[in-house]
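The chain below stands alone, shown as structure tokens; this is the form predicted on its own.
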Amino acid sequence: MNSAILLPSILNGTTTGALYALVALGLTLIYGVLHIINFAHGALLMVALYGVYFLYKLFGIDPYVSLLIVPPLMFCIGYVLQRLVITRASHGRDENILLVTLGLSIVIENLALFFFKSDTQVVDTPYGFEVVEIFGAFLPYPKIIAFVGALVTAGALWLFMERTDLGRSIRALAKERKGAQLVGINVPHVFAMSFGIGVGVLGIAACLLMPSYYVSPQVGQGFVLIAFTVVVLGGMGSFGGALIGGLIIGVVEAVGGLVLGESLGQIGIFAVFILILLFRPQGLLGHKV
């Protein structure tokens, strides 16, 4: 293996890792901050991808223009699901939330199979196959945009959590639910807003994914396990950690595929995951509890 092969592989892995980070950012808010295990995360990503796909096919709306439409719609879906379905069905018990989100995932994916079949769908944008040469590596133009989008989204979420009243309320609720109630925070509303924002981030991920990816009813399954790995690797509730974790996972997968073959490339991801759990269970940027 020489640098002429290794460097392009690392750069391609970095752009792929940015896509993983985008998907994990919403989960970081839901799982890492609010401690809600959302097994419907992958299914909701699939819903967002179908939204971007149909906006393009039916109305000719470019996936990047869909950033003005899909994330707000996904936020509304997340808010309603948390407020009217998850909260009511879970009765305040964490183990019930796990089962409810798992049930939602199964229902959503099977509805998609019923209506859309199992066919794989793509959008044919003029720039979909354009590449940019960087240090000898030919990187797809949409993946570079996704890389920048991941940086911007992570930064925006950090600013939101640090500088806004709602962000402070979310952090207070994550640390002490009873104390948040005592100081007048509307706990059900803040939970629903947090879940909605996390799902809205999936809308951003879908708009940036679709020009270089595909959609099918099972597409979310390939992302959800990696997203959980990225959240744990980066540190619970850390948006910067999720970004760094996603980039590391992307590079490990790319280099692992180069060394072991494409079918075995993901072995490295779970080896890194096990090592993190053994030697730094709080994650790269997490804090000990």
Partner chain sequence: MKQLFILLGIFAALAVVPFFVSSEFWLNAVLLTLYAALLGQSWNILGGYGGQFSFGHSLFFGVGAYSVAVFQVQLGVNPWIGLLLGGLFGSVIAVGIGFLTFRYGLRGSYFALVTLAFAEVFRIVSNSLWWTGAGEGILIELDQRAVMMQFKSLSHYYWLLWAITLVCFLTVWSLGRSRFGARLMAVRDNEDAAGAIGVDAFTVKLKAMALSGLFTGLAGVFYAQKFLYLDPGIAFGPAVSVESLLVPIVGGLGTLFGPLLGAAALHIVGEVAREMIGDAPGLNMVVFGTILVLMVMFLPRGIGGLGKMSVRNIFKGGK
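Numbering follows the first chain given and starts at 1. Bear in mind that the values here come from a model prediction, so they are computed numbers and not experimental data. Definition used throughout: the rigid core is the maximal C-alpha set that superposes within 1.5 Å between two forms.
The following text describes the form predicted together with the partner chain, which does not appear among the structures shown.
- Across the proposed site, Y31, R88 and D94 without exception bring a heavy atom within 4.5 Å of the partner chain in the predicted bound form.
- Among heavy atoms of F39, some come within 4.5 Å of the partner chain in the predicted bound form.
- For the chain shown alone, I144 is not a contact residue for the partner chain in the predicted bound form, no non-hydrogen atom being within 4.5 angstroms.
- Not displayed here, the partner chain is approached by L225 to within 4.5 Å at the level of heavy atoms in the predicted bound form.
- In the predicted bound form, no heavy atom of A174 sits within 4.5 Å of the partner chain.
- Note on the partner interface in the predicted bound form: the residue among L98, L139, L73, M161 having a heavy atom within 4.5 angstroms of the partner chain is L98.
- Partner contact region in the predicted bound form: 105 to 113, out of 125 to 133, 105 to 113, 203 to 211, 182 to 190, criterion any non-hydrogen atom within 4.5 Å of the partner chain.
- Core-superposed comparison between the shown form and the other one: the Cα of L11 travels less than 2 Å.
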